[in-house]
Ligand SMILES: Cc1ncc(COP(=O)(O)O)c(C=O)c1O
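First, one chain by itself in structure tokens, the form predicted alone.
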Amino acid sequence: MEKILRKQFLEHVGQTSPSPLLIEVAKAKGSFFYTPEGKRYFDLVAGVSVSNVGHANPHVVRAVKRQAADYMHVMVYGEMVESPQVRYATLIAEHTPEGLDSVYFLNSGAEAIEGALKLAKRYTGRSEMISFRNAYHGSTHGAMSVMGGEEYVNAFRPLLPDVRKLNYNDFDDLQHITRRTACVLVEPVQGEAGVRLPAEGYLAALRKRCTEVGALLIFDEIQTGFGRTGELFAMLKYGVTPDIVCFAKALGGGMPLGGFMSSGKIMGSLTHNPVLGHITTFGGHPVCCAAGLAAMDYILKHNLPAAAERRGRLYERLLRDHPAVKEIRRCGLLLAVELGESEKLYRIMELFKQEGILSDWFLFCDTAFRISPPLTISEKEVRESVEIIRRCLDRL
């Protein structure tokens, strides 16, 4: 049966690479997933920071079942008032800085980026959009236009015009933000670049420059949001408030959900000239919002941001002395373990697969592997996974 399913997978499911992992998932719980044969894998990717509250979290599962029994899709956007959506937007607004009070729910991170770019152009009346090299914001045409890696972009040109790329953490490059600029889109911590943290004062300088010229500052918190960095949001960690912030991944508690958030004044520009400035069929689906609401409630009640910082620090302490490790870059429970050579990285991916570890490299950094498990991972599980990781590192 397993061979038949793999054959059908390869024949009928769209592929993204010529060599998929081909690990069949039968069940997932907590920090682990299991194959039909019962082999256990440590999930150190968590769906790329989606499953922050752990797989099959009972609090989230109950919320999904309750909402699905009440109603699923009616009409998300239009004039309908749906409790899961309203309650979730309100909870997010209560835990974000002043001036961020209106959430537009969508289906994914790429859609959140698309909506945020449209909102910035609509509100400012300007066309230039600025992003950063080695940044990843999604794979739709608009999101790809502001992606920072040419390798993934060139085959799909022409893309959106009037886009400028700056170097992250380069203070001198900020002069290129001018009164032509509609928005500057930045990951407060660059994820797919291999966990690159902002230099001291950099995000504050970026905020200051945007304010000076009237450009909107957009934070992409798709990977950093909901406790991953050791704070609920990276903007709280670094004390810088954007004009627009994009969410996804952990936003849905394991269900597909994205969104962008701004002030009511800025968001209101999508309601006129023209009306229906942005619409979506499924964005803010009540079951997804119910799952996200339950997940955020769990994150807050169990103080998972603090747990993320403790577990991330433990991973760093237990791995940094291994001779194969050149560097560890960390923000909360998001780590890039640098090996220095892509050949070593590809080799350790194979060893991890054999030993029951799911990790990954980064889109723009193929010399480091990712550690970003569910924030619910226990200290015992951290230590057990480190034993396996070190055993694999020994074999390099």
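Don't overthink the numbering: it's just position in the shown sequence, from 1. On a predicted model such as this, the values are computed, not experimentally measured, just so you know.
Omitted from view is the form predicted together with this ligand, to which the following refers.
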{"property": "Partner-proximal stretch of 165-173, 101-109, 313-321, 201-209 relative to this ligand in the predicted bound form, 4.5 angstroms, heavy atom", "result": "101-109"}
{"property": "This ligand contact at residue 250 in the predicted bound form, heavy atom, 4.5 Å", "result": "no"}
{"property": "This ligand contact at residue 136 in the predicted bound form, heavy atom, 4.5 Å", "result": "yes"}
{"property": "Contact flag, residue 290 vs this ligand in the predicted bound form, heavy atom cut 4.5 Å", "result": "no"}
{"property": "Non-hydrogen atom contact residue 222 with this ligand in the predicted bound form at 4.5 angstroms", "result": "yes"}
